[in-house]
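One chain follows as structure tokens, the form predicted alone.
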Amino acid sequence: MKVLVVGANGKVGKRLVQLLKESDKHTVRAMIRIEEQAEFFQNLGVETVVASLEDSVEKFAEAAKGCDAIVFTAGSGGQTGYDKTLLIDLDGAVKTIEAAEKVGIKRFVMVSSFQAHNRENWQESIKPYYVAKHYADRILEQSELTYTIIRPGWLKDDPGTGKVIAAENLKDGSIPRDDVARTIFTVLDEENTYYRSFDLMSGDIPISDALKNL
């Protein structure tokens, strides 16, 4: 399938684009915010499209045309205010969902946040971020899309191990970005993850087995 990666210039996004590029099962289009971000992907031989998460649904729909799946792995980042959290992590995600519906793309993978579904476990210091993720996830669940929602623990830049724990509810944990990208790659055509959401952290189970055992 051809996959549009939204947030391709992020740390997880870049890893995912590389996995998709190397795959013999999928092709990839990287959605970037500004043209200056294109060089990395051009060097990989990856198609790019420029669109901002503050653009219109119509602009997103145009960017997604010809794709079979969308992965949303974008975020406003920790250096912006909560206005951007609303505009990117919530409204940007919802507009991407609407664009998928508009052009007939059914497969949608959302990268959310650990325990975003469980208000009692939200960290007080970043509660607005959790609110944005929570409601974006709920809107996706209420859509007609074939969704998977991945809620990774604290993200690390350590090398991936290829082994994780995936479950509806997990205690606090961390995971290398490499393993998050590999999990996204694996869920794309893993039917056991369709219409499912789960927490994800480092563990001792190979990714493909962890997903099949959800």
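Source: prediction; values computed, not measured. The first residue of the sequence shown is number 1, and the count goes up from there.
Quick note: we don't show the form predicted in complex with a small molecule, though the next part is all about it.
Student: State the residue from Thr146, Ser52, Thr161, Thr186 whose non-hydrogen atoms include one within 4.5 Å of the small molecule in the predicted complex.
Tutor: By the 4.5 Å heavy-atom cutoff, the listed residue in contact is Ser52.
Student: Let me know the one among Leu155, Ala38, Leu170, Val57 whose heavy atoms come within 4.5 Å of the small molecule in the predicted complex, would you?
Tutor: It is Leu155 that has a heavy atom within 4.5 Å of the partner.
Student: Can you check whether Ile88 is within 4.5 Å of the small molecule in the predicted complex, heavy atom basis?
Tutor: Yes - in the predicted complex, heavy atoms of Ile88 and the small molecule come within 4.5 Å of each other.
Student: Hey, in the predicted complex, does Lys21 get a heavy atom within 4.5 angstroms of the small molecule?
Tutor: No, Lys21 stays farther than 4.5 Å from the small molecule in the predicted complex.
Student: Taking the small molecule as it sits in the predicted complex, is Met201 in contact with it (heavy atom to heavy atom, 4.5 Å or less)?
Tutor: No.
Student: Do Trp122 and the small molecule come within 4.5 Å of each other in the predicted complex, heavy atoms counted?
Tutor: Trp122 lies outside the contact set for the small molecule.
Student: Within 4.5 Å, heavy atoms only, one stretch in 201-209, 187-195, 5-13, 21-29 touches the small molecule in the predicted complex. Which?
Tutor: Among the listed stretches, the partner-contacting one is 5-13.
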